[in-house]
Every structure is written in C-alpha cells, then in structure tokens.
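Below sits a lone chain in structure tokens, taken as the form predicted alone.
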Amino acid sequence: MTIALRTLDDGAWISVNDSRQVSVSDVWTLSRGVFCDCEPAYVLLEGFVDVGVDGSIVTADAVGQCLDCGTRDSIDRLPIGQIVDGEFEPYGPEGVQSLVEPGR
C-alpha cells in the first residue's frame, strides 16, 4: 500500500494521505547529543523541511530551537511516526527521540 507524505503550509505540517498529522507547534524531547548538549533537549520545532520513510518509520528533517540553551539548528531524520498495517501512527513529541541513522 502506498502512503502519500509531504510538507504543507510552508513546512508547518506533515501531511499523510492528504491529512494534516504532525504540527511544528509541539516541543519534542530529544536525547542528549542529538541536537545540543542538554539532557534531554526540549526542542520547539519551527518548520519541517522534508519528510521520508526508513522501513516503517516516518522521518522528518526540521529546524528547531532548544528551549533550555537556545541552540537553533537543523534536525535530520527525526522519527515522527510509523506505518503499521498500512496506517500512519504518529509518535508523541513527549517521548524521548533519537535520530534514525541511514540504512539502519
């Protein structure tokens, strides 16, 4: 089954099958070293740049800012959800995330 993924509204949303699913308005919790030296890093996403799939995991490239230290940078391959039985299941931003390494 094919799943259509794309960014919408100048990077404000990730669309899955023409339905807005993931917004940049959330604070994501990232493990240490993924984004900055904060442990964990609470990162406010400012915009999605790209979206893709690695196996069953949906990843996004984004730009964000750490709320504790102020680091502002890009994030590559942030896991935002997974495909289960042909359906998208988003991850909650409150769960501690690590980045998906290419070819894992």
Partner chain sequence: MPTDVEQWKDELYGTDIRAEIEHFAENGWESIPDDEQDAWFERFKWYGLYHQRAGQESYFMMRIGPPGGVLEPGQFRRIVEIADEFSRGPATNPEFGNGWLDVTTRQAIQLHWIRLEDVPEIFEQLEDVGLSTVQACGDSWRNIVGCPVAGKDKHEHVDADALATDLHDTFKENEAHSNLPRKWKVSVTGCDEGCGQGDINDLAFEPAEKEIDGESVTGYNVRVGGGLSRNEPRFARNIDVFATPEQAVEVAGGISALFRDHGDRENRYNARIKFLVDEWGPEKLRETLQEEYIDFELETAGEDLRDSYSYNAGEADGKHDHVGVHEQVDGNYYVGLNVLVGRIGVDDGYALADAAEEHGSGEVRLTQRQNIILTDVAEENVDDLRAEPVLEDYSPDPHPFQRGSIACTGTEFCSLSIVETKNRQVRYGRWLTENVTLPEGVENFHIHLSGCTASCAQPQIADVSLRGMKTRKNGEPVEALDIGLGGGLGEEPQFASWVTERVPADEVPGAIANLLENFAEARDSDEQSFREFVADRDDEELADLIEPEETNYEDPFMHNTKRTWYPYAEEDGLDESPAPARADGTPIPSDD
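In this text, all values refer to a predicted model and were calculated from it rather than measured experimentally. Residue numbers count along the first chain shown, from 1.
There is also a form predicted together with its partner chain; it is not shown, and the following applies to it.
No member of the trio Asp37, Asp76 and Tyr91 reaches its partner chain in the model of the complex with any non-hydrogen atom inside 4.5 Å. Taking non-hydrogen atoms only, Gly52 never approaches its partner chain to within 4.5 angstroms in the model of the complex.
With a 4.5 Å cutoff on heavy atoms, Gly70 counts as touching its partner chain in the model of the complex. Contact check for Ile83: no non-hydrogen atom falls within 4.5 Å of its partner chain in the model of the complex. Although the partner is absent here, Leu44 lies within 4.5 Å of its partner chain in the model of the complex, judged by heavy atoms.
For the stretch 21-43, the set of residues having any non-hydrogen atom within 4.5 angstroms of its partner chain in the model of the complex comprises Ser23, Val24, Ser25, Asp26, Val27, Tyr42, in sequence order.
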